[in-house]
Ligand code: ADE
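As a starting point, one isolated chain is supplied in structure tokens, in the form predicted on its own.
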Amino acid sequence: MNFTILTLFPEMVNAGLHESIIGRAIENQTISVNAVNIRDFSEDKHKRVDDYTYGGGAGMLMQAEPVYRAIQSVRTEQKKCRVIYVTPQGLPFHQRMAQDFAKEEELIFLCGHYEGIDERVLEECVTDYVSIGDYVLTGGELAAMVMIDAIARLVPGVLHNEISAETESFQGDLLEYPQYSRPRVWHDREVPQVLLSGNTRDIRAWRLEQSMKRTKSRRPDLYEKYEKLQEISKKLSRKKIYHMDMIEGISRGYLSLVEEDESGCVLISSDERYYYHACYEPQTETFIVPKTLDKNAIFVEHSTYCAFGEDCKEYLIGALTRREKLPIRGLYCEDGKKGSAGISIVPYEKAHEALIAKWGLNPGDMTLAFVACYQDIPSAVIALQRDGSIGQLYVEPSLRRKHIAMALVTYLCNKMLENGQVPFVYLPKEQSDMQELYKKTGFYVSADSICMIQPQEGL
């Protein structure tokens, strides 16, 4: 992902972003950050970019032409990326906005100074107006750096710990639980005993309890939203396997509520690419069409009644409901060495990009991925999608029937179980061989199918 910051103080931006985790990501070329000096596009011999405001008033205003030229230098007809103007008048920046921006390949941040920037160039070039809070800074650089930090850490490969971006404040409308390090006793305050027990199930339960208490105390507005989604999750659990994608989406903070009535609910994904509909009772044939329905989004319909017609893709949902890790049975070794089947499994990395592209897969949709090597040759891949489902399972045709797919499914499921997640997968209704693979692994498969459809114009 590439970030460009248009600024009067490039040294300030470079000094702040080339350190710590973001600096390491830049060095590893996982992301790039380019600071462009707006003064370089001034025609004034003194490189001035400001002038007095029409109508009078205190302070100077940044002129339109230097800003326009700076934007045009990095935003071509072939690369029309989003231009974010950092301003106290913008929409408040939040985690879901960071997730939305993280989907982009290119972002341009425009940093104002003085009394701001000539309105005409903003109207012509800016796509997003964003604020980091209801206060005024001397310039937009610090705010841009805050947003870039929040966005960049969501880019795959920036954080070494794959799950750390999913277990922090604001995921699932809960604040993060308290954390502790050495020494065990500090100023007569001891680390909670449960964290020393080694019992991962008890630790997860304690952390959830603490997150709930902290959110209820510090952010009652968030806690109210959390409680509402938990009520919906309980209703969906009456048909658990069939609704596992929605239940896990709520648990992971991927889904939020759009609308609900006595018949069912509509949820939306954090990237706003998917709407999910479910009926609370099987016989219900009423349907909620959300007022905010995006015609480019995909609708995931969980009922026998489909408001958009019959032309849709049908899937069964498979879910692994056990809590204990799956047996390996010689498929692979935990230390990455070859198992008795000759398979070793390694984390997906940049070096595998060409291989993934050859297989026609999309690395941008992966949040966690692993590559299987057969006789030391990368031969297969499996990934966890942004919605929490297992997807993009692919094995080279010449190496099928060698238990490579089973090894990858088992490996990824065990990683998810370690993190307290429920593995689930969308299984095309017509692919019985894929259904059998997951059933052999221990998955239960829903009897009823769901539909995925893109709404047509006029709805």
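A residue's number is simply how far along the shown sequence it sits, counting from 1. As the structure is a prediction and not an experimental result, all values here were calculated from the model.
There is also a form predicted in complex with adenine (ADE); it is not shown, and the following applies to it.
Chemist: Considering 212, 331, 125, 132, which brings a non-hydrogen atom within 4.5 Å of adenine (ADE) in the predicted bound form?
Modeler: Checking each option against adenine (ADE) in the predicted bound form, the one that comes within 4.5 Å is 132.
Chemist: Please identify the residue among 156, 264, 88, 116 with any heavy atom within 4.5 Å of adenine (ADE) in the predicted bound form.
Modeler: In short, 88.
Chemist: Does the 4.5 Å heavy atom contact test between residue 137 and adenine (ADE) in the predicted bound form come out positive?
Modeler: Yes, contact at 4.5 Å.
Chemist: I'd like to know whether residue 143 contacts adenine (ADE) in the predicted bound form, with contact meaning heavy atoms within 4.5 angstroms.
Modeler: Residue-level check for residue 143: yes, a contact with adenine (ADE).
Chemist: Could you tell me which of 248-256, 95-103, 80-88, 384-392 sits within 4.5 Å of adenine (ADE) in the predicted bound form, going by non-hydrogen atoms?
Modeler: Contact criterion met by 80-88 only.
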